[in-house]
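Below, in structure tokens: the form predicted alone, a single chain.
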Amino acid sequence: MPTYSASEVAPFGADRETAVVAGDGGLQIASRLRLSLSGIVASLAWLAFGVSCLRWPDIGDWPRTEAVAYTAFVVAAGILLVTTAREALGKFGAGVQQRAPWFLALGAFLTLWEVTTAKFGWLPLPFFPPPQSIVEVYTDDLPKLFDSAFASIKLQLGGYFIGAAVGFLTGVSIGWSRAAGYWVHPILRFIGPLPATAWLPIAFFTFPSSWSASTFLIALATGFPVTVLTWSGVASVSTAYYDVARTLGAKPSFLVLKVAIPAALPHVFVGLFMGLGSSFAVLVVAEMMGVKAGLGWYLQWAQGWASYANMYAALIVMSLLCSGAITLLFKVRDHLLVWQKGVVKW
């Protein structure tokens, strides 16, 4: 059997390692080129959007066309600058590069939107306003839109926190106490599946003001999923945890506060997420029906005056508020449930 010395084997191993390193380097170069190309194409998409704003005259009277075009040029220049200096910008540059395909899609969508509405009128007005008309809403009607958003936030927070607190306490009670489950469970099965909006006539007749009635409806929409998921979380806690705590001399209050509730928190946050979405839906309906302020009221007012640009602007604000609330809730969840951080992402 032939033998080889270390000097004879070393070059082979060195060449193999060099080949692997060279292969990794080639992949890195290809990845960098792909990221740079996506950033350049995204910059061109925003440049095309700006050019489309200035290339043809508007078929209507929208004074924000030039401002939108110059903003598009600034965005295009910013994307190109970040693409060029990505490594020097660190995490910010890497984040922008990662989202370059979305910048490309957004620039292409805005270009198509501009051409089909403001330039050639292929989509009928006023149902499909151009981008600059929505920008005009944010510049000219911002005080009313801001007041409406602030009123919605106040109403949403009040009803949501009341519903979440009542639902959490009810869920813990049902999951821990058989007596509470005996009396509350049938009522929950009767009331819970009903849509909160079905209680609109009763709520507005029973409560002294439309504000309190809307708060009740939002709390009702929030409380049912929080109750069910909290109850499920408490009931699913392993009995071994209780046995160990009792062996160490734990009292019933300790079992509830330090064993049952912490173990049920993942289920509780699922209920909070579900309740948040339901509460936003009820918020819009309640504001349309009786409340004299808020984004729902603003949507109804805009629709009544055929101001669809105002309606779309309010929908964007509402989407940002809902997404921001869910993001904040995920931050709280990751802080409290460190062992499950990153398991569920938003």
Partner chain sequence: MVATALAEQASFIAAGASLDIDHVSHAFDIDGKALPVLDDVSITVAPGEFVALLGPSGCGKSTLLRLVAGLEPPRSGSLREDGVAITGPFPSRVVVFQDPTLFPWRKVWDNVALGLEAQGILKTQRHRVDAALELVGLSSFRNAYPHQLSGGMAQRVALARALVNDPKILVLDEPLGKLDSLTRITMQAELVSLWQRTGVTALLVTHDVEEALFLANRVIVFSDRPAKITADIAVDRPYPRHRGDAHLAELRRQILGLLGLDATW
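Positions refer to the first chain, counted from 1. Keep in mind it's a predicted model, so treat the numbers as computed, not measured.
One more form of this protein should be noted, the form predicted in complex with the partner chain, which is absent from this view; the next part is about it.
Here is the short version: of Thr247, Ser209, Gln98, Thr139, the single residue with a heavy atom within 4.5 Å of the partner chain in the predicted bound form is Thr247.
Taking Val135, Val115, Val259, Leu188 one by one, only a single residue has any non-hydrogen atom within 4.5 Å of the partner chain in the predicted bound form, and it is Val259. Candidate site formed by Phe254, Ala263 and Trp339: every one of these residues places a non-hydrogen atom within 4.5 angstroms of the partner chain in the predicted bound form. Residues within 4.5 angstroms of the partner chain in the predicted bound form, judged by any non-hydrogen atom, belong to 237-245 and to none of the other stretches in 69-77, 150-158, 237-245, 190-198.
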